[in-house]
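Below you will find one chain, with nothing else, as structure tokens; this is the form predicted on its own, and questions on how it binds or moves follow later.
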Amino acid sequence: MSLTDNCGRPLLNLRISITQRCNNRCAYCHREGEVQRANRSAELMSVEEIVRIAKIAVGLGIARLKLTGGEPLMRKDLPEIVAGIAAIAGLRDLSLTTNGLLLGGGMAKKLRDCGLRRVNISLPSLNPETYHKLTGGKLEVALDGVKVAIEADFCPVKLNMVVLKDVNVGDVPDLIEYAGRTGVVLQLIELDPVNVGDKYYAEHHRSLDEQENMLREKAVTIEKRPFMHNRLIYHLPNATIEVVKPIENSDFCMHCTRMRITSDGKLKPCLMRNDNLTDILTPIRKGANDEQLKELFVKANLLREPYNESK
């Protein structure tokens, strides 16, 4: 079984936010579009509830799952969550977004052994001062996280770089060189306005057109990902760069194949909206059977629509 929304877009990917807690303080973080709770210390979904939601999703053909946050590694039971989801029949991909600061001490290998296949690590700069200013963390710890992720044989390891005007634009060439040297994939990400405030967005948003023009000139081949917002991948002689441009980009919405689960157990059809959520955690705790939970996914999927058409 597979789900398609009213615009003909298949639902293939599910991002599950398992916590809002984080050990960094990145001002540009969109927190998966989730409104900040007053009590960020509480994990609202248990391991069993997360795995059950994942199993329902995979049974509906949503076979590519990503664990997000907050910082997922803030949960000590993350290996249990990974192992539970990885065991689901029909799962095609299981990945994780992280700042990488807690991947050391054997955690990267443990997660790989539990069934995690890929990681995306946030790395906004290779300049220690810029990195600390943006995140509050230490660059050397983040770079060690990248190193152990590579050693754990995650494939691929991706670096997420949100490009910010007058902050880290000049760091792009260094990140491209680093990606080529280490064999990771670099994702250049345009700042979006979700959860960052109008003033911050106005001051720091910058189109990635300049970077794309540079990549187009240097690329050996250019690839398009039709089931990932039609984003472009630039294969340079020594590095692979993806460009994520959600703003003023109708292709981005028209080729969206995602849904999200908020950390408090709600199906979220669109990153940009919080007015069309469907509660799935409460029905689980009230004893809903699998068919009833599938119907909630079907209902939420029909609420999916391109944001640029819903405004």
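Residue positions are given as counts along the sequence shown, with the first one as 1. It should be emphasised that the depicted structure is a prediction, and the values quoted were computed from it without experimental measurement.
One more form of this protein exists, namely the form predicted together with a small molecule; it is left out here, but the text below deals with it.
Contact annotation for the candidate site: R15, N99 and V162 all lie close to the small molecule in the model of the complex (heavy atom within 4.5 Å). Contact check for P269: no non-hydrogen atom falls within 4.5 Å of the small molecule in the model of the complex.
At least one heavy atom of P72 is located within 4.5 Å of the small molecule in the model of the complex. Taking non-hydrogen atoms only, D192 approaches the small molecule to within 4.5 angstroms in the model of the complex.
Using a 4.5 angstroms threshold between heavy atoms, Y28 counts as touching the small molecule in the model of the complex. Residue-level contacts in the model of the complex: of C22, L303, L11, L293, one residue has a heavy atom within 4.5 Å of the small molecule, and it is C22. Residue in contact with the small molecule in the model of the complex (any heavy atom within 4.5 Å), chosen from I88, V196, L215, C114: V196. Per the 4.5 Å heavy atom criterion, the small molecule in the model of the complex is contacted by stretch 62-70, the sole one of 276-284, 261-269, 44-52, 62-70.
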